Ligand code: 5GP
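The chain below stands alone, shown as structure tokens; this is the form predicted on its own.
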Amino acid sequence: MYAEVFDSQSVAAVRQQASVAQKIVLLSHMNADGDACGSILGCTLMLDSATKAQSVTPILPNGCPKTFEWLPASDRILSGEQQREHCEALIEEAELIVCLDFNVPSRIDFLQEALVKSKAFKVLIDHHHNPAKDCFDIVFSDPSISSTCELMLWLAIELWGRQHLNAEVARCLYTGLRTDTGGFAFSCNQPSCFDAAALLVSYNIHPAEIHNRIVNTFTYNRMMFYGFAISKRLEVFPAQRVALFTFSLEDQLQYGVTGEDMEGLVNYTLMMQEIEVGALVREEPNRTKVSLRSKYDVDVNIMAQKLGGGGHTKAAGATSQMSLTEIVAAVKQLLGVANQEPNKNYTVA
């Protein structure tokens, strides 16, 4: 069981707000991952059951990724990009807004202005460092916990007991728990992580099936792109224990892949025995994105903050307006390989 004691006054305040709110909106971050999708949908389903609200609406800035469209109630997620005016109106009209898996309003991109302006009671449930507490009425945050889905589980039990947990909710929350720990490979030092997994599995959610839906989903193009990535776009600096992927827009268009298709590719850098820090830099229209991963004691969150981003100790990232060439140079500087040549022996010809 989660050892952290939730503040009883905060729990009571959220319970009260949820009991009277007629219009509830849930928000999570741009380019939603398993933890974002799992927590927003799990919370949506529990609010459906636990409250008498007229509407409970989950919103993601650029919608639900195809990878997670199999999750219960995923068809209820509104896309801020596709329905921007409608989503902004819902945020403005909401009486209660639950923000999940992001620490600052900028993580929801173009929807942040609507969130900041809204007069709704705002609750943050998150596990990233440095939450913007002044932007929310109540904050439940713990960077040491495995995932927002795990935090949501323990908070839900504090709010309502276990009566609103069921197989659908459990599938959502387990998905986030499993993805944010890399299949229980990192961010799982607390026993509460495995307590949560055991509790969720007890709802007969078929974890092997969930694993297959998350992992075994490659298209032929995506598989070919990964081969190209490893053979042609991977730089390895064994002396510095660093590896780096770099992708231009042209690379992505050549194989017809998107940012969603590259989810998890950065983790391949850490599969090499010598490597302790891995990075992936990719170009997008009008911006660039950086993903950072580490093992052992390297804190990539600090590196990401220097690029204007953030995240966790072993998994962080940033979005930049710099060009691909400029951001690659900045990343290499942070990684200590700015003046180093990659070891060609580690590159497949």
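Just so we're clear, the structure is a prediction, and the values are computed from it rather than from any experiment. Just count from 1 along the sequence shown to find any residue number.
A second form of this protein, the form predicted in complex with the named molecule, is not displayed here; the remarks below concern that form.
Note on contacts: among Cys64, Met303, Leu45, Ala318, the single residue with a heavy atom within 4.5 Å of the named molecule in the predicted complex is Ala318. Only one of Glu263, Glu93, Asp137, Glu81 comes within 4.5 Å of the named molecule in the predicted complex through a heavy atom, and that residue is Glu263. Within 4.5 Å of any heavy atom of the named molecule in the predicted complex lies no heavy atom of Ser28. The shortest heavy atom separation between Lys122 and the named molecule in the predicted complex exceeds 4.5 Å. At a distance threshold of 4.5 angstroms between non-hydrogen atoms, Ser291 is in contact with the named molecule in the predicted complex.
Taking non-hydrogen atoms only, Arg178 never approaches the named molecule to within 4.5 angstroms in the predicted complex. Comparing 37 to 45, 64 to 72, 51 to 59, 303 to 311 against the named molecule in the predicted complex, the single stretch with non-hydrogen atoms within 4.5 angstroms of it is 303 to 311. In sequence order, Arg107, His128 are the residues of 100 to 137 having a heavy atom within 4.5 Å of the named molecule in the predicted complex; the partner itself is omitted from this view.
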